[in-house]
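Next up: just one chain, as structure tokens, the form predicted on its own.
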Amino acid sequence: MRETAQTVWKNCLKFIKDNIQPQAYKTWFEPIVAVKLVDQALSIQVPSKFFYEWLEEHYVKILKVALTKELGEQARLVYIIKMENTYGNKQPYTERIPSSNRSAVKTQEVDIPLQNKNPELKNPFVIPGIRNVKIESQLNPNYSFENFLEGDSNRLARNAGIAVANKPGGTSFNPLLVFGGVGLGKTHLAHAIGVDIKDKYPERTVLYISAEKFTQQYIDAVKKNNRNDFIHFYQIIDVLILDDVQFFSGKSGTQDVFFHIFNHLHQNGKQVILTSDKAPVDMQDIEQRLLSRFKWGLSAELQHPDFETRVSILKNKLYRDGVEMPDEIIDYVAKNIKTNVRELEGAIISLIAQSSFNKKEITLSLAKEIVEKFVKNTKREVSIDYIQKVVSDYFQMDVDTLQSKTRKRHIVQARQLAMFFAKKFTKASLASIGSQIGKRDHATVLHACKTVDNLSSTDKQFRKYVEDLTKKLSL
């Protein structure tokens, strides 16, 4: 019986799964789809150019062994990369072949889309000798990869950061956008990448700056009529790290100037690293042309650390501070503070401080006292399921009705309110909210939030719904 692409790939996956870590298998092999098998060439579809490069760099040997076992010595592997263009439409499939097989099959190189090249980007106001100006990187050397502990919640972002640090501007994840909630390590990771690049490439110009400070510098430059000098200064940076890019929201002048700077850096092979508290799809009041550029490289999310990672973070913190603490106390703190790394470390610092100032031994009861204060002061996270239940109960309907396809006005409004409160009270992305509330897309959620805002200011009865539900969800 003639073997199919799916059968061959399924057998390859069995072998691969037995030989790599479960998390690595889940991250790098589960998303792959077998597309076709022609002679001894297996075509597999991968979700991005970054994905392809990662497989080639880290898993090419195991792929070769698995495929040779199935198809013999003449086996070949063809990657089909499904890219997105700047307008969010799918580009045609592009086939890529590992370096060892490229002579056998015609390949088509993947070009990063550069449709909007702007001739005005060549700044005419060149400052003589600016290359010799010493630019202070603004990096914090205490933030390093060594003390940014790896776990399931941050593995992709951390590994992508290491890859960028090894080859700044030379990978397909440019820009690298790291996003996630407060206190999960975005700034730490951004600094760690910069610090590592400075160690490896001391001649490169690296600059870390917050989006807020960048905006202020731009406003000052416009006031002093030296906007061109401002642009030129940023165009000579080799590695630009911009923190909290969501701060650009609604600031059209800053967005415009950053768009030109970004284009220049990207086209000249310079590395851009961005951090944000939201995924690109959830950023509001950011120009579409800028958002499309944020999606050119890799968007990597930092999630809440799991229990094992929280324990490792605490042990690492104590080791660096030269403090010993019983495992049962570390486990207790890790079990009860789940929100973010900053609060986790804050609780341990408070525990050590209380112990030394009051000359108390660090005991489980002291830990409970400290943790109770932290948990009390931390706003309780409300789940999307809980929000749907509260809204459904308030409008005297069941959750299935709330999620249904019906266009009845009162049900639509209840659904829109559920989406509005999910965005307000949770850290979930718009896509995730839509998926959980009746399998809608992120655009529907965005529309729902705008509708609730509009109705709240024009409809007295609707405003009462919002006020009542806010009280119920804030209890």
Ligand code: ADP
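Heads up: residue numbers just count along the shown sequence, starting at 1. Predicted, not measured: the structure shown is a model, and the values here were computed from it.
Separately, the form predicted together with the named molecule exists; it is not shown, and the next lines address it.
Although the partner is absent from this view, I330 stays clear of the named molecule in the predicted bound form, with no non-hydrogen atom inside 4.5 angstroms.
Put simply, P280 is far from the named molecule in the predicted bound form: not one heavy atom of it is within 4.5 Å. Interface residue remark: V341 is counted as part of the site for the named molecule in the predicted bound form, having a heavy atom within 4.5 Å. The named molecule in the predicted bound form is not approached by V195, whose heavy atoms all lie more than 4.5 angstroms from it. The partner is absent here, but in the predicted bound form a heavy atom of G181, alone among G181, P141, G253, G169, sits within 4.5 Å of the named molecule. Checked against the named molecule in the predicted bound form, the candidates T401, N147, N268, Q354 yield a single residue with a heavy atom inside 4.5 Å, and that residue is N147. Only one listed stretch (209-217, 393-401, 149-157, 225-233) carries heavy atoms within 4.5 Å of the named molecule in the predicted bound form, and that stretch is 149-157. Using a 4.5 Å cut-off on any heavy atom, the residues of 182-215 that reach the named molecule in the predicted bound form are, in sequence order, V182, G183, L184, G185, K186, T187, H188.
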